[in-house]
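As a starting point, one isolated chain is supplied in structure tokens, in the form predicted on its own.
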């Protein structure tokens, strides 16, 4: 049987645990809006960085003002066109609150046979960001994700007004090895992308990352990451997938033709 001192110790320990759990829960709930705001700011910074529109040392207000130039749109990957209000209503989607990652796990997701790991299910609607001037797309930001060495890699591929020339590529979330695969974040490697054509004149995917398919030093060749073969292969597979027919290819073709 417990003596009085043991019982008091248990009561004190229980009360302390209860108080601590309440404090932690309260802090978690209270800080969530700040955490969400920081995630949004980080996303916007990466979009601007990929579009070469992020000023060094820009404040949160300056980032918000620059990002406000972009229009958020949803693309129906099944039709290759911008989603209509009727399509979004039928799917129960609110554009502003849409979570493409969660949608990829829902019953409405598209199943892609033979896709790289992590891409066998994709959302039927993809979020894109368009910067328009005089009603014409000047920059188009395409979210991309794919397998890395230790987990999924998430980034943005930006195309210029011709809907073919790459403005930039920026990864904003990955688990790659520091000093190796994590070099996808370095300015030196990201500088290899601007000016490359996403597609050849005949409409084939032009981009080859690393030593894939023997297209070394070709017009669309991007040098691999030294010592990070699997990360390099992951980037190659990611770009090939999202520029392919299961990704944005049909949409980009329709957009160039004025039929999106």
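On a predicted model such as this, the values are computed, not experimentally measured, just so you know. Positions refer to the first chain, counted from 1.
In what follows, reference is made to the form predicted in complex with a small molecule, a form of this protein that is not presented.
**Message:** Just to confirm the contact call: exactly one of 159-167, 175-183, 73-81, 123-131 touches the small molecule in the model of the complex at a 4.5 Å heavy atom cutoff, so which is it?
**Reply:** Contact-bearing stretch, as computed: 175-183.
**Item:** 4.5 Å heavy atom contact, residue 149 and the small molecule in the model of the complex
**Value:** Result yes; residue 149 sits at the interface with the small molecule in the model of the complex.
**Asked** Does the small molecule come within 4.5 Å of any heavy atom of residue 191 in the model of the complex?
**Response** Contact check for residue 191: no, nothing within 4.5 Å of the small molecule in the model of the complex.
**Request:** Report whether the minimum heavy atom distance between residue 228 and the small molecule in the model of the complex is within 4.5 Å.
**Result:** Taking the distances in the model of the complex, the answer for residue 228 is yes, it comes within 4.5 Å of the small molecule.
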